[in-house]
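Just the one chain here, laid out as structure tokens, in the form predicted alone.
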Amino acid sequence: MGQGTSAYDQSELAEFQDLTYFTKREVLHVHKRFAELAPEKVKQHGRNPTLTKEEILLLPELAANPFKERILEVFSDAGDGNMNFEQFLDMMSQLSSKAPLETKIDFAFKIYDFNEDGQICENDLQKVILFLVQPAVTGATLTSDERNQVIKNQKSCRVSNKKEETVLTEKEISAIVRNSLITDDQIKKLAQKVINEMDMDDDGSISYLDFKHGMSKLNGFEESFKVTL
């Protein structure tokens, strides 16, 4: 293990092939890209060291994704964004073009469910909107801590059976995205609009079934969660 980047034997590659959407050759390519992120660490610790979130974020293919930090947190076992090769391989497999739509819907739901309570509530959606809008508005990327300064972290969803009426049109939504002075009230209205459109059982939040139903009809959804190495 301490001899640098070791090639996986055929039985190991066959197991990886069975567990992912990659061929054996593609597994080796993914490992090559993984090793390139921290070559000294691989040299010292072998083919499967744990890389930090910061090291993995050096991957150019993740740079433009507004959810890149959140994606790493979801796929890392500890939830901190640090991961070894097997976790990295699992992430890249599910982000690959070979992964079916349902697989992408599954992990997208986990990414949007910030408080990890099995449903996407208004507070979760406000965070999603902030992740999507902020880079487009300012050209910069907020850290997780900075985002939490803007939207106070809530531990549970506040569910109401009464839907609040929203009056945002598609033109207004586009204007909000372009508006550098986006307000908390505008974010709140956007979140309410999404819930109103996707909440099929009127319980004030989006269940996995609600989310799956909505995303399966959304053209281009897969493109938002596809990375090709």
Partner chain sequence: MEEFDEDWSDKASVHSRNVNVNELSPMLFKEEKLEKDPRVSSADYGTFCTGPNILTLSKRRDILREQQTNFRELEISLKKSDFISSKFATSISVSLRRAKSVQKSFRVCGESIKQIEGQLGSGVGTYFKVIVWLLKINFICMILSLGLIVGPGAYMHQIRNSSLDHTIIYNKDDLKCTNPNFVNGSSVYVDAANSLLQFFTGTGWMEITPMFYGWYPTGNLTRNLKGDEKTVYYFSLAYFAVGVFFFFLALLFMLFNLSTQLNKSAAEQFDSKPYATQILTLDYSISNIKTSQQNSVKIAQAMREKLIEDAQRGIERDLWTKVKLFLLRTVTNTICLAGMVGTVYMYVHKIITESSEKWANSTDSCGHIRNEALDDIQDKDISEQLSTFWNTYSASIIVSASNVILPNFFKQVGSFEKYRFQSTRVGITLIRMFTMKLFNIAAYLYILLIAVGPSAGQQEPWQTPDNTLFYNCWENYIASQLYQLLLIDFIVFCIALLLGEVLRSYILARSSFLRDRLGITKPEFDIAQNILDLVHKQMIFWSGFYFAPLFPVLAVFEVLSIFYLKKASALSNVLPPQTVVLNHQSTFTINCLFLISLLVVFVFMGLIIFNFHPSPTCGPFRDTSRFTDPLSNVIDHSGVFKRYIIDNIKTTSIVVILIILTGLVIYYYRSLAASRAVTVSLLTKQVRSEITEKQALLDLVPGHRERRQSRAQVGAEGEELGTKKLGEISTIL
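Positions refer to the first chain, counted from 1. Being a predicted model, the structure only gives us computed values, none of them experimental.
Not on display, but discussed next: the form predicted in complex with the partner chain.
- Contact check for residue 51: no non-hydrogen atom falls within 4.5 Å of the partner chain in the predicted bound form.
- By the criterion of a heavy atom within 4.5 Å, residue 72 is excluded from the residues contacting the partner chain in the predicted bound form.
- In the predicted bound form, at least one heavy atom of residue 118 sits within 4.5 Å of the partner chain.
- Contact annotation: residue 10 falls outside 4.5 Å of the partner chain in the predicted bound form, judged by heavy atom distances.
- Remark: all three candidate residues (132, 189 and 194) come within 4.5 Å of the partner chain in the predicted bound form, counting heavy atoms only.
- Exactly one listed residue, out of 37, 42, 30, 198, brings a non-hydrogen atom to within 4.5 Å of the partner chain in the predicted bound form: 198.
- Contacts between stretch 17-39 and the partner chain, counted in the predicted bound form as any heavy atom lying within 4.5 Å, involve 18, 19, 20, 23, listed in sequence order.
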